[in-house]
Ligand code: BES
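The form predicted alone is given below as one chain in structure tokens.
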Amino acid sequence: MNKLLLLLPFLFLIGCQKNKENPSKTNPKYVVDAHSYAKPNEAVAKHLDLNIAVNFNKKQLSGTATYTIDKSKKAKEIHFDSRNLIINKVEVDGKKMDFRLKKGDAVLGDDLIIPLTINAKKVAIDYQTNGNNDALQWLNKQQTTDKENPFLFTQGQAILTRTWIPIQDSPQIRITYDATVKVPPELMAVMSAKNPKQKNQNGVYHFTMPQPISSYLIALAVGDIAYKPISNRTGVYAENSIVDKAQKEFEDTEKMVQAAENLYGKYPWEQYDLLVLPPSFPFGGMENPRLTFVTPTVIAGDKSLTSLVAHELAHSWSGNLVTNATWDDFWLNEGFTVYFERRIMESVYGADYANMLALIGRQDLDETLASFKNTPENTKLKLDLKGKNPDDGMTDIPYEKGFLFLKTIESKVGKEKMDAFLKKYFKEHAFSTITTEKFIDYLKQNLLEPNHIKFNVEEWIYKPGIPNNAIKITSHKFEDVMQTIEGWKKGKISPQEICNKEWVIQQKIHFIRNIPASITLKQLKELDNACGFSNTKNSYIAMVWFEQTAKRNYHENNIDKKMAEFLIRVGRRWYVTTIYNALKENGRLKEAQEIYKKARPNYHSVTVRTVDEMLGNKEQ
């Protein structure tokens, strides 16, 4: 027994030494990600050197992705995600190696397995795209704004970066990168990195991203674009014909950055620029670090839709700086960002403005909740997306229920303590990823327990629906809208009087979305004639107006032609799916399908997938 006692410290030290050599065996840094073949606890990429050429004639990217890796001593191979890529050859530390491309499924793609030597440091993958790469949208010159040169952009979220770069495509794996991109000399390349401000003569551009980011945030765009500064750290890229207009529209960007810094600390990415893409871009915006990609549909001429910029800017902290570990934790990106966005808008434009945004968001949330009445599990914040496309989780739930969760906590602790908590959260988790479970622990230890707050955290996150203690947000400006609607119903207010009201865009949206079912087609035409909704240049108003007219079978003022033109021209997924769904639900599916046949070639694959499913389209 005495001998055994003497041996125990020695055995303990041996055990510690073993764990030190391979800590992933007892305390893995990375969690299992159902949407990636990577095994980062065994071998993980830390830096990417990308060298590619862009060929518009072949619609092809080709080149080499070279990774600096970190591996455990026992790791004999490294796994990368690859979907619809042609892998030409692989080298490890300069030596050609055999590799396996293990076939997977249509969503995840293939498992690229590369053998490693015991001291492997560099893995180089020579590859090319095959023309069926969902992240890439190749636009001919007629699909651009200026209609003079072609355009290319990428969209990596959620797991599409693997369709243009062989990569460990999990959000928990953060890497730095350098890139060299060769493009036609008449065009300019920009990335989610340090960017050029003007074209060069040889069409070769060099980029560096010194901060580690998740793979879905690696982004590339190539086109005939120009740059206009807003401040010494903000500016706008856009096609030549709209760059001045875009600069004017987004001139408050620097104010938004300052407002964000006042809330949650110094902007961590040095530069914040916007790139206005052609109308086919499938989202309102994409928060690629240093360079937000943005739809031209937010250029309204009056800054009325620039809350989208606040949203993408907020992602510089929530999402880019602190990132969801897996797509099951997506609400950690988006719920925080919506909360942060509205705090920015409150700071720049006032509390009334922020409250109107929140109420419109609540309406969107209620519609989404109703659509999931038969699948309530889809209304949980923490999702289980194993076996599904992670895009299926990108509904209003993570955005608006996530916001409501944080806003309700704010109502319990006060803004001052909430702001201090979030500022600390972003600072302590900077350039890292986090799971829902780790966040819950952090929330309780750093906000709820110190302030003696009892809160139903688990119900909000793991249960369907909206808990009863959700905060109720009000707006006297929306109350004015509802009183106006009542007056119109009773014939006390004329359509012209409605149109003469000095409402901001959110009030107009609220009005259109709440037009009573009792309003006749004749009254709708009178309203249209007075306000000119069928001819609006504001894309958000156009979307909600077309939704209303589709539901009510309103065919006046050439509305059906204008609706079709809008659907063919605009590829923003939220807008087009709203209108197609209104047509479908009102017995106009065939009409929707006919429009979609013409529109589909103009849409990005992200939009195509959603609309194909909605309209029962079989085209591949």
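Position 1 is the first residue in the sequence shown; the rest follow in order. It should be emphasised that the depicted structure is a prediction, and the values quoted were computed from it without experimental measurement.
Only in words, not in the display: the form predicted together with the ligand, which the text now covers.
*Asks:* So which of 173, 369, 243, 394 reaches within 4.5 angstroms of the ligand in the model of the complex, heavy atom to heavy atom?
*Replies:* Contact with the ligand in the model of the complex is made by 394 alone.
*Asks:* Please identify the residue among 179, 135, 286, 356 with any heavy atom within 4.5 Å of the ligand in the model of the complex.
*Replies:* Contact check passes for 286.
*Asks:* If you check in the model of the complex, is residue 315 within 4.5 Å of the ligand, heavy atoms only?
*Replies:* Contact check for residue 315: yes, within 4.5 Å of the ligand in the model of the complex.
*Asks:* Residue 124: heavy atom within 4.5 Å of the ligand in the model of the complex?
*Replies:* Taking the distances in the model of the complex, the answer for residue 124 is no, it never comes within 4.5 Å of the ligand.
*Asks:* Can you work out whether residue 330 and the ligand are in contact in the model of the complex, taking contact to mean some heavy atom pair no more than 4.5 Å apart?
*Replies:* Taking the distances in the model of the complex, the answer for residue 330 is yes, it comes within 4.5 Å of the ligand.
*Asks:* Do residue 139 and the ligand share at least one heavy atom pair within 4.5 Å in the model of the complex?
*Replies:* Judged by the heavy-atom cut-off of 4.5 Å, residue 139 is well away from the ligand in the model of the complex.
*Asks:* If contact means a heavy atom within 4.5 Å, which one of 528-536, 488-496, 306-314, 69-77 is the stretch that engages the ligand in the model of the complex?
*Replies:* Result of the contact check: 306-314.
*Asks:* Could you list the residues in 146-171 that come within 4.5 Å of the ligand in the model of the complex, counting only heavy atoms and keeping sequence order?
*Replies:* The stretch 146-171, when checked against the ligand in the model of the complex, contributes 155, 157, 158 at the 4.5 Å heavy-atom cut-off.
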